[in-house]
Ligand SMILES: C[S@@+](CC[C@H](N)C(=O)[O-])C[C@H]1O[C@@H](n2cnc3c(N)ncnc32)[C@H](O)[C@@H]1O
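Presented as structure tokens, the chain that follows is alone, the form predicted alone.
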């Protein structure tokens, strides 16, 4: 057994207009106290559970790179890594330089995720990002210079005032940098973000967003990026191993404020208030996932990937024939599914309406 671990760092430079994640701007001075408590949480976990090595570690946020590298050292000393590990660290282009990146290498980080979101300076201002396109390119080049050979960049489509032409310029800039991985998400305006309080008037229509998505799939595919999940594209052998673990419905450990985990057939979460987490840095909500729920989770998560559901594996694990069990859904949305001798997956058009389709597998 090996562990897949996520650590949430809730601090950032400023709050982006689209962000509804649990994160706090301008509170980096709480970082030291946060890491003291985080250390206690991780140490307690290993006192109560086998001290297995890590297959993957993902440090996200927030903006992990807003805090000094030194803050991470004590917690990381609690972990052992497998020989072929993946350790991803999220960074903001405005918060790192060569010294910081070299320090991350010394921490054994071997994969970076850079939050770029767009290469259009006007859009970056609209969404309240603190970096420019030039900063993003400089950050990427610095990461390469410091020896990082596995870099992912994040982009967003469906932004206010964004056209397919503006999107294409960002895609071209990303392709030119030649990262190993690109995550590109459709804008979601959810409660808790600035755009929810004051919705932008110039958002692209649903049809325009659909055209953008299909353009992304086509353009990245033509340039050597394989789409392996709804929002994720990678060069050969460069899929995110950490995220693939989620989509395969396997267990993972979450540490830190607002983090979630799935361990020993229980899904759990942590406090979302910084004060409350510091008082109690342990899971506060636990729910046992029964057999039927595990089956539904398996379907929904697997269908987010290009490979979809493996019919033989599914039958072996859940003792049901997938094609018979979900015949009504498969028939209803037949145009959006690809069915082969041993696999069921969504088409590119199916990915576009996946939220509607996947919800129908619940309580089937």
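Every value quoted in this text rests on a predicted model; they were computed, and no experiment measured them. Residue numbers count along the first chain shown, from 1.
Heads up, the form predicted together with the named molecule isn't pictured, but that's what we're talking about next.
Across the options 42-50, 312-320, 335-343, 57-65, residues that bring heavy atoms within 4.5 Å of the named molecule in the predicted complex belong to 57-65. In the predicted complex, every residue of the candidate spot (92, 129 and 155) has a heavy atom lying within 4.5 Å of the named molecule. Proximity of residue 254 to the named molecule in the predicted complex: non-hydrogen atoms within 4.5 Å are absent; the residue sits far from the partner. The shortest heavy atom separation between residue 18 and the named molecule in the predicted complex is within 4.5 Å. A residue is said to contact a partner when one of its heavy atoms sits within 4.5 Å of a partner heavy atom; residue 279 fails this definition for the named molecule in the predicted complex, lying far away.
At the 4.5 Å threshold, heavy atoms of residue 261 stay clear of the named molecule in the predicted complex, well away from it. For the options 73, 188, 292, 197, the residue carrying a heavy atom within 4.5 angstroms of the named molecule in the predicted complex is 188.
The contact residue chosen from 117, 243, 162, 232 relative to the named molecule in the predicted complex is 117, the criterion being a non-hydrogen atom within 4.5 angstroms.
Contacts between 264-296 and the named molecule, taken as any heavy atom within 4.5 Å in the predicted complex, involve no residue at all.
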